[in-house]
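Before any questions on how it binds or moves, here is one chain, the form predicted on its own, in structure tokens.
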């Protein structure tokens, strides 16, 4: 195992310990209410704890350690849990929006409670589906609030707590605005790559950025250090999402665990699509107009769209943009004054390469 893997494994272990402790504390607090409340919070905890690499809270810890030599903040990892809880709250709502039945090998919350309603209350499909939807909305809302509580109950200096809560609020606002922009882009005739980059800044990169900034704020970083980490988080987060788009169309399904035709059948406005429309011939545009967004297209038709992405230069353009963003993000770390601590900086550089070069 490399030093990089050792650090990630160690930090993720500390995060999981803090998550368990915090969520168990919340379960105990509701025991006085009812068994249903206990079961609800146990289900929410299971949803969070069933998987995930804990990337975002690891970034909080790394943001702190990039500034401070010694770990003097007793509840750093509880505060770090905030972004993991927020991330899972957004996933829980995404599951509902996308009508997904599973997440990380287990049922989504709306599916879980739909089936519970059928078994325990009555088996009417519509009432059960409505109940599952309601519980999923509540579940996401609960997690978003619990994320804020993880910061306010970390017993930090009040001034630092306020800074961290502001960063958390800004992250949540950007997440909502990013999803809204993504939904509206589907109906725009010619959205630009610039609009797309702004959308993924808010929807994806913001949690990379704000995770680093929360950790750095706890360590009382300088404005220069905060700016450096902010730029790194945004640029690397955007590069990460472009790679995700590429894997969503050209990835190996056995490796990614996701279908490689979903984005095409859905007609999702990815960087590949936007660049293809910019670069395609009249004939190639006709193929895209006819096929993109058709859920019933054949596998042969899916391959036709992939061919347009390749032959128009869209795939190469997306890769070039991704590599450029990665390079800009990595160079941003050199701008910090005082300089970031070398070990943490090296970890961030290795992490960014891993995130953008991954195959899953």
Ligand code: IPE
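As the structure is a computational prediction, the values presented were derived from the model and not from experiment. Positions refer to the first chain, counted from 1. In this text, rigid core is short for the largest set of C-alphas that superpose within 1.5 Å between two forms.
FYI, the form predicted in complex with the named molecule isn't displayed, but the following is about it.
S.K.: Since exactly one of 269, 201, 114, 87 fits, which has a heavy atom within 4.5 Å of the named molecule in the predicted complex?
M.R.: Residue within 4.5 Å of the partner: 87.
S.K.: So the named molecule isn't shown here. In the predicted complex, which residue out of 136, 91, 206, 221 has a non-hydrogen atom within 4.5 Å of it?
M.R.: Selected option: 91.
S.K.: With the distance limit set at 4.5 angstroms and only heavy atoms considered, check whether 98, 240 and 244 all reach the named molecule in the predicted complex.
M.R.: Every residue of the spot touches the named molecule in the predicted complex.
S.K.: Tell me, yes or no, whether residue 166 is in contact with the named molecule in the predicted complex, where a contact means a heavy atom of each within 4.5 Å.
M.R.: Although the named molecule is absent here, residue 166 would stay clear of it in the predicted complex, with no heavy atoms inside 4.5 Å.
S.K.: Is residue 127 near the named molecule? Define near as a heavy atom within 4.5 Å, in the predicted complex.
M.R.: So residue 127 does not count as contacting the named molecule.
S.K.: Does at least one non-hydrogen atom of residue 313 fall within 4.5 angstroms of the named molecule in the predicted complex?
M.R.: The answer is no: residue 313 has no heavy atom within 4.5 Å of the named molecule.
S.K.: Does the named molecule come within 4.5 Å of any heavy atom of residue 35 in the predicted complex?
M.R.: Outside the cut-off, so no.
S.K.: Report the stretch among 36-44, 55-63, 304-312, 329-337 that approaches the named molecule in the predicted complex to within 4.5 Å, counting heavy atoms only.
M.R.: Selected stretch: 55-63.
S.K.: Taking only heavy atoms into account, state which residues of 258-272 are within 4.5 Å of the named molecule in the predicted complex, ordered by sequence.
M.R.: Read in sequence order, the lone residue that approaches the named molecule (within 4.5 Å, in the predicted complex) is 258.
S.K.: C-alpha of residue 177: shift of 2 angstroms or more between the shown form and the other one, rigid core aligned?
M.R.: No, residue 177 moves less than 2 Å.
S.K.: My question is whether residue 243 is one of the residues whose C-alpha shifts by 2 Å or more between the shown form and the other one, given a fit on the rigid core.
M.R.: Yes, residue 243 moves 2 Å or more.
S.K.: Taking the rigid core as the reference frame, tell me whether residue 266 has a CA displacement of 2 angstroms or more between the shown form and the other one.
M.R.: Shift at residue 266: 2 Å or more after core fit.
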